[in-house]
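The chain below stands alone and is given in structure tokens; this is the form predicted alone.
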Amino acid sequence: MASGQQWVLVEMVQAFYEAPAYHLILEGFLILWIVRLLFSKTYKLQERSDLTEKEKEELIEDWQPEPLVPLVSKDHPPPKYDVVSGPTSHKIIVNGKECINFASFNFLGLLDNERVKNQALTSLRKYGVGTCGPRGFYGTFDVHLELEERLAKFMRTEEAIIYSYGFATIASAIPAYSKRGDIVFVDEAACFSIQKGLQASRSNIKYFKHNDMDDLERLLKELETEDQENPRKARVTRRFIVVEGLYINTGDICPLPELVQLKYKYKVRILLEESLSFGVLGEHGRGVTEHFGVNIDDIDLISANMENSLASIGGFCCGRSFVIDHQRLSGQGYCFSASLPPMLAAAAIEALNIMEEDIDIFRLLRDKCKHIHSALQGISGLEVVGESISPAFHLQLEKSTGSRELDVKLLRGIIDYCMNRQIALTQAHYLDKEERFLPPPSIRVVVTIEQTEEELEKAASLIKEAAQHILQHTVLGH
């Protein structure tokens, strides 16, 4: 027994001599820390005397709660809403007055289409009004699966997933893939839903100048240098480029071929938001990939809403099956929101049928866009912003007054002038304090295939007349 104890002691001494220096230092530090904790004195928090009733009342009287919302000055103008009665189709009733609609994103005129409405009514009688449950909890209907299959087939991708709210589609897709520590390169003109998705992802965001591929490559090169300095971190960091096919805030088309080149050169993934370009660009309306002839497999994820060209509600993402399936457990808008009402899914399917049957509607839309874009050139005081084939573009003041509030007021005057003469326009609205890069005030003009050549000419003529009347009057007033 004694010899056994001696042998153990010898082994301990031998292990002590063979142990590395850092190991001995660490153990010595831990032993000293334990001894310190055992012999250190304990201190009691100083007891605070109770307040008297009078002192409590005084403190309560002095306390002022923070306002839930910022205080508004008394002279702040009240919000003005244009109230619509009836469908927002070709002719729209605004504030009790019938106007030609140049404000709603009903690009293909399907909102009031009889075939689409009949399919929605048939579905309404079969399924009821809503779903009362998300997709994972008895909210998946056969019509949802059919719509996903049809969208995937139309976009020529492996799979598609639908959301019940257009804004939540890309806002849910981004944080489903990009997490804390990942890096996302984003165009400065990105729409608000992209900004909210980036915020939810908690990723490291790097903005590049609008459609400036040189600036984007500069950022990618900087990251490449950082990766060489820290290869271990680089191996676990995912990288994304997030862009819009057709930017809603500028009316510009993204330079997709150059983006694809940068994707392969610097090994990043592309997330493409096509809410405005889907059903608009390309010979068959498949969006910016078809417009440029880019292989859709070069894009890692495509997102779009169904609230513009399809004249329904909700949105979808499409791509490879393993990419899309990830959203079924990670897309917050998909997992936690009630699924799309079946009647709206049926309406979207019928809208897809019409798009596939008549591809001339896309050429017709582009021709009308070019027509009014050309007719609006040369307006004194106003600048046309956006591509000539974009069905939603902007009219901005050539020269700002220096006050955003006054700029908005001038543009509103032009809108009211036109509306009083049966042309309905709208201002582009933004949450001023929430936008990362706040666009300048503008009038948004929306073109649809239902507008006749005469109506396009009338709208252009009235806008010129209104600009001359409102802007010159303001200059003379100054």
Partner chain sequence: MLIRMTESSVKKLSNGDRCYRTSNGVKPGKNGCVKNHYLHQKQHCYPEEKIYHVAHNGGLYKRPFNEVFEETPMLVAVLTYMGYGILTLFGYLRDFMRDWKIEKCQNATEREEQKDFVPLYQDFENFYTRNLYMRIRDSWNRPICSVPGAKFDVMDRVSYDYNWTFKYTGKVVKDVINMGSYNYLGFAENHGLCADAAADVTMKYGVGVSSTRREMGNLAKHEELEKLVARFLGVEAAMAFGMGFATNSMNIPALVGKGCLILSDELNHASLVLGARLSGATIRVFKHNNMQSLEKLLRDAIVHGQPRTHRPWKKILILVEGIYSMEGSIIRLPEVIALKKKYKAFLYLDEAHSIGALGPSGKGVVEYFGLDPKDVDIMMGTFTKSFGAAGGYIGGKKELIDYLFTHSHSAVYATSMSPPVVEQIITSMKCIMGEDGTTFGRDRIQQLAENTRYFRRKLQEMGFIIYGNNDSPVVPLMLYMPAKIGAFGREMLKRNIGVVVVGFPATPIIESRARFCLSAAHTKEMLDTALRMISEVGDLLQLKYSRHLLVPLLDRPFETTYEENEE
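None of these values were measured; they are calculated from a predicted model. Numbering follows the first chain given and starts at 1.
Although it is not shown, the form predicted in complex with the partner chain is what the next lines describe.
Name the residue from 206, 291, 90, 269 that puts a heavy atom within 4.5 Å of the partner chain in the predicted bound form. Filtering the options by heavy-atom distance leaves 269.
Which residue among 156, 284, 320, 399 has a heavy atom within 4.5 angstroms of the partner chain in the predicted bound form? Exactly one listed residue reaches within 4.5 Å, namely 320.
Determine which one of 79 to 87, 211 to 219, 355 to 363, 373 to 381 lies within 4.5 Å of the partner chain in the predicted bound form, judging by heavy atom distances; exactly one does. Stretch 79 to 87 is the one.
Taking 4.5 angstroms as the cut-off for heavy atoms, does residue 36 touch the partner chain in the predicted bound form? It does not: once the partner chain is placed as it appears in the predicted bound form, residue 36 has no heavy atom within 4.5 Å of it.
is_contact(residue 59, the partner chain) in the predicted bound form, heavy atom dist at most 4.5 Å: So residue 59 counts as contacting the partner chain.
Contact with the partner chain in the predicted bound form for residue 280, defined as at least one heavy atom pair within 4.5 Å: yes or no? Flag for residue 280 set to no.
Answer with yes or no whether residue 406 is in contact with the partner chain in the predicted bound form, where contact means some heavy atom within 4.5 Å. The answer is no: residue 406 has no heavy atom within 4.5 Å of the partner chain.
Scan 135 to 174 and write down, in order along the chain, each residue with a heavy atom lying within 4.5 Å of the partner chain in the predicted bound form. Read in sequence order, the residues that approach the partner chain (within 4.5 Å, in the predicted bound form) are 135, 136, 137, 138, 140, 141, 142, 145, 164, 165, 167, 168.
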